[in-house]
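Read the single chain below, which is given as structure tokens and is the form predicted on its own.
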Amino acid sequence: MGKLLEHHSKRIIKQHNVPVPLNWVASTGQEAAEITKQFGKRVVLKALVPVGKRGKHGAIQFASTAEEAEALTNQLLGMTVRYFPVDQVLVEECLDIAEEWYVSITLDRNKQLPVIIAATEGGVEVEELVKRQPDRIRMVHVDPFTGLQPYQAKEIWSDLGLTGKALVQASDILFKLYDVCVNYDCDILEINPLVLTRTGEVVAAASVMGVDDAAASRHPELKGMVEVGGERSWRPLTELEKQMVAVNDADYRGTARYTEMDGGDIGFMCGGGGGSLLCFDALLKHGGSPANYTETGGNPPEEKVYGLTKGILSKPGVKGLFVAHNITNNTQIDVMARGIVKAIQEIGIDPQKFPVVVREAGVNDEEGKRIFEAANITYFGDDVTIETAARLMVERMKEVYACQS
């Protein structure tokens, strides 16, 4: 799931006639001051980062004057919120709020159904509200074949005690949000808070929108709004991680997920679900230090394996390569071998001076073995366990670099 920054998500729901506050984006304090001066009213300043709980981190501020807006924006631009540096600030109309509510649409993975969560208390963590005041919250599953019906949207808010104009507006907004959620393949669409202003208008004051990045090809209109692969990271993707996402996306066949580690000197390509973690743990157990974690599977083509291998080896400090899959995977070993060997030879790596250890078994492994061994790469089949292969990889690193020193 790739999260959209708030101004992008608000633009989308506004296009579907969901009311949102007036908002602008500022990259400097001076820009925020100019916006505030021209708007002429009190504004909210929000750090534009793809993570929640910004208020708890002091990343949401209020300004009444252009001078305040400039100073507070400069302060926000100097922050890092949950590992994400603040590059831009959302300058937003400050609403006169009478009540705050909560609404989200997400997927219940246990029931395999969309679920709507609504509450008449907003600006809170919904998990806490469920524990504290379950009577103020409604959870309703939606039949994906019939979709949300207008009467169902009205029942949800009516059960929570809304009446009159507020009930009509909130129901209409929920119906439109569900439509957005389905049409954009959202994993989550959360409005927190959905507010009732003192003039009686219902407005989406803050929004979070996450899109299933596997469906990105269906939404060219979201290009530039969603960072594919970002859903798997608790921090901004590194440049190399972004490059590896591009390598993966260049061909639909096979999958690859690359994560960079702090430090480390062993490039690491693995696969096989739990087998990947077993490989990783085995390296650590025997004193190895993985520089990255690249899980591959689903029969990636030779060019994808080649691109991944080059990426793995390009990280500064990598002095060896360990490749291991669970033997129950169905990846073609000969295809993997051609991709890995092509990358190693193109870079000019000599396996006698740069340890490369492979432990693979499965489809076409005899041909894979021939290709690896012809390139002077240490190859093990299923006669050697993953843990033993990891130990031998670590020993090979010590042996080679002891000799070189």
Partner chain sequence: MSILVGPDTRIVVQGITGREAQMVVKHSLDYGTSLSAGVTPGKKGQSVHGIPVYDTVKEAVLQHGVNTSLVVVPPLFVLDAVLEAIAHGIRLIVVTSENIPQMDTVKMLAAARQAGVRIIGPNTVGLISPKHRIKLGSIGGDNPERCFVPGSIGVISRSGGMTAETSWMIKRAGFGVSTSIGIGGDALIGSNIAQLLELFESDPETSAVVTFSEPGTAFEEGAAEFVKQGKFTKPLISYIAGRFTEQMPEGTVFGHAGAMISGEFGRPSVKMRKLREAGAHVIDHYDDMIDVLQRTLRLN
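Treat the numbers as computed from the prediction; the structure is a model and nothing was measured. We call the rigid core whatever largest set of C-alpha positions still superposes within 1.5 Å between the two forms. Residue numbers count along the first chain shown, from 1.
Just so it is clear, the following notes concern the form predicted together with the partner chain, a form of the same protein that is not shown.
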So in the model of the complex, are F145, T259 and G362 all sitting within 4.5 Å of the partner chain, heavy atoms only? yes
Is it the case that I386, even though its partner is missing from this view, gets within 4.5 Å of the partner chain in the model of the complex, heavy atoms only? yes
Close approach of G311 to the partner chain in the model of the complex, 4.5 Å, heavy atom: no
Given that the partner chain is not shown alongside this chain, does W101 nevertheless sit within 4.5 Å of it in the model of the complex, heavy atom to heavy atom? no
So in the model of the complex, is the partner chain close enough to Q149 to count as touching (4.5 Å, heavy atoms)? no
Candidate stretches 93 to 101, 328 to 336, 191 to 199, 70 to 78 - the one whose heavy atoms come within 4.5 Å of the partner chain in the model of the complex: 328 to 336
Which residue, V318, L107, L240, V203, is the contact with the partner chain in the model of the complex, using a 4.5 Å heavy atom cutoff? L107
Can you pick the one in D185, E155, E303, D172 that has a heavy atom within 4.5 Å of the partner chain in the model of the complex? D185
Quick one: name the residues from 87 to 117 with any non-hydrogen atom within 4.5 angstroms of the partner chain in the model of the complex. L107, R109, N110, K111, Q112, L113, P114
Would the C-alpha of D213 be classed as shifted by 2 Å or more between this form and the one not shown after rigid-core alignment? no
Please check if R391 moves between this form and the one not shown, taking a CA shift of 2 Å or more relative to the superposed core as movement. yes
Would you say Y252 moves between this form and the one not shown, meaning its CA shifts by 2 Å or more once the core is fitted? yes
Looking in the model of the complex, are the Cα atoms of D185 and D251 closer together or farther apart than here, the change being 3 Å or more? farther
